[in-house]
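As structure tokens, one chain now follows by itself in the form predicted on its own.
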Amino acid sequence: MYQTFIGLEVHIHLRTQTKVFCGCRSAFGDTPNTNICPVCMGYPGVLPSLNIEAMRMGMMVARALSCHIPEKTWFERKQYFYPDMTKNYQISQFASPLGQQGYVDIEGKIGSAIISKRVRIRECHLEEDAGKMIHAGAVSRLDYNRAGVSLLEVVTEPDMETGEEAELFIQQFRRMVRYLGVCDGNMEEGSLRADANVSINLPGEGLGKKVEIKNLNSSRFVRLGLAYEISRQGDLMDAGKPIIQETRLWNEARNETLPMRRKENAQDYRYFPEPDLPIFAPDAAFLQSVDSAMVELPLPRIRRIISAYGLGEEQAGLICEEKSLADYFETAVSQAEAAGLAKNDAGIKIANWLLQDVKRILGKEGMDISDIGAFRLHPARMASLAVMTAAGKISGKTAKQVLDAVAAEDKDPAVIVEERGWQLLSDPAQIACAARTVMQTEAAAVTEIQASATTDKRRSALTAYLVGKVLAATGGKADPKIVNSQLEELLREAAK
């Protein structure tokens, strides 16, 4: 049995309009080699200029990860040759990154186990991304649109022990940066990707030989790649063979890691200070702008929503998966509460609709839950629907029909209910009249209910049957509670 040490290097594209050291457009999917200039292409004599918004977004992430913000931070040149880096160096941070010595708590279920772990953050550093190599058979093409895009790298300490923990870290980190609005988190587009470092050793012997798995573009591949690599290294140790410090790639077609190159050390990059960029010393105004842009983070929000609205942990987690959904939920509940509905009642009702019916409607319309801000069923309409249901004006079943109608027709719930005549029938006299007709038609059921030999279970089933018949007779408009009470009263009278 070996001890496992896992650290992650997570890279995110910051959502700046332009690149980090030049004014070129920063966007995914544009025609190759159209968003380039002499600066990001590394022409001789050009001068980089720091994108202050990239620095602000980077420090927001550092704040969210409880990192220390140094009084001064600066950039270095990281020397290496690769076809997608035309300058043969990358402007990055090494000696004084913008965020240092932080931590993040991860929580969640792995199988049946509840995991709660603190993962230390070594640093967050800002750098420029490289271009992209596109391989087609024997030919490789280069797209430099990505060269110079604002890239923040977050480096953890080797505090995780399984691929599942690393997957949970990636999932929660992705949700965090999306909440902050600094990255879209689209791993399939490469705007969030991870390198995983893993080593194994005998318990108590400390870190083993580190192997890096490069460019993992899904949390699932992080889990699978680490599971494979832990098993591979264990087999080598069992056989008495050495583990080579190297960089490997995850081959998803073969479900295995494959060698890429021997792992470099920091000295191989020959860092030296970037001469064309001055030291950055954030002043009080800049730090205030970072603090004012911060939002409530997902994990604290989940805990608060559980406490404030009476939701279960799983429900609260799903509601808080996207900031836009959590904002929608809280706005709708607040408006329902202002209209007189108890907060917990509104919260549970609205959460159920959002996680079931609204998700279904959005899927049917080809929308994602993150698009809920543009949904026709805006929070005020959702609140109105909750209040109408709680007041007994419509049934729960009708409420689901109203949801569909609002999404299709862009009308207020009250208007739809009025137009279609979907209001609940709540007049006891009218309901009693319908119940009498049903009791005459279903005389056999009534007789069996009144028979002394009928069991309580059978009597309950027959009563439910009669309730259903009354509801059907009123076109589903009768208030079920009133139907029950009127039936019970009529049955008591008939038994006398």
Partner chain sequence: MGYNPDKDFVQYAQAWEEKIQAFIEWRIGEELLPAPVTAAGNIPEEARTQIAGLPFAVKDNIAVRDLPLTCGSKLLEHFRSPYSAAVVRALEAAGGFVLGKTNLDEFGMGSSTDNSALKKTNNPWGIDRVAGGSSGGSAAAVAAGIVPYALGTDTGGSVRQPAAFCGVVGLKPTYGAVSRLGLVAYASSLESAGILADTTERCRAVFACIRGRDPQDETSHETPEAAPALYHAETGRAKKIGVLSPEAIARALAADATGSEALEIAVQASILEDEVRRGFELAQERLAGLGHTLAPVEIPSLKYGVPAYYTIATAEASANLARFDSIRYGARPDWAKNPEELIDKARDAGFGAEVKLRILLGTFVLRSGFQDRYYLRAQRIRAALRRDFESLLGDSGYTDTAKFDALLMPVFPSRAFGRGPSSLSAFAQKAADLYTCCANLAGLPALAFPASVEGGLPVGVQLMGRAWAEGTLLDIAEGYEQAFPFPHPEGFQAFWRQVCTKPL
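Source: prediction; values computed, not measured. Whichever C-alpha set is largest while still superposing within 1.5 Å between the two forms counts as the rigid core. Positions refer to the first chain, counted from 1.
The same protein has a further form, the form predicted together with its partner chain, not shown here; the description that follows concerns it.
Enquirer: Quick one: from A227, L277, V290, V155, grab the residue that has a heavy atom within 4.5 Å of its partner chain in the predicted complex.
Expert: Filtering the options by heavy-atom distance leaves L277.
Enquirer: Of K210, R175, R122, R77, which residue is found within 4.5 angstroms of its partner chain in the predicted complex when only non-hydrogen atoms are counted?
Expert: Flagged contact: R77.
Enquirer: Using a 4.5 Å heavy atom cut-off, which stretch among 157-165, 277-285, 296-304, 317-325 contacts its partner chain in the predicted complex?
Expert: The contacting stretch is 277-285.
Enquirer: Give a yes or no for N352: in the predicted complex, does one of its heavy atoms lie within 4.5 Å of a heavy atom belonging to its partner chain?
Expert: Output for N352 is no: heavy atoms all beyond 4.5 Å of its partner chain.
Enquirer: Quick check on L142: any heavy atom within 4.5 Å of its partner chain in the predicted complex?
Expert: It does: once its partner chain is placed as it appears in the predicted complex, L142 has a heavy atom within 4.5 Å of it.
Enquirer: Verify the contact flag for S49: yes if a non-hydrogen atom of it lies within 4.5 Å of a non-hydrogen atom of its partner chain in the predicted complex, no if not.
Expert: Close contact exists here: in the predicted complex, S49 approaches its partner chain to within 4.5 Å, heavy atoms only.
Enquirer: Can you work out whether N88 and its partner chain are in contact in the predicted complex, taking contact to mean some heavy atom pair no more than 4.5 Å apart?
Expert: Heavy-atom contact with its partner chain at 4.5 Å: present for N88.
Enquirer: When you overlay the rigid core, is the Cα of Q288 off by 2 Å or more between this form and the one not shown?
Expert: Q288: C-alpha displaced by less than 2 Å between this form and the one not shown.
Enquirer: With the core lined up, does the C-alpha of N186 move 2 Å or more between this form and the one not shown?
Expert: It does not reach a 2 Å shift.
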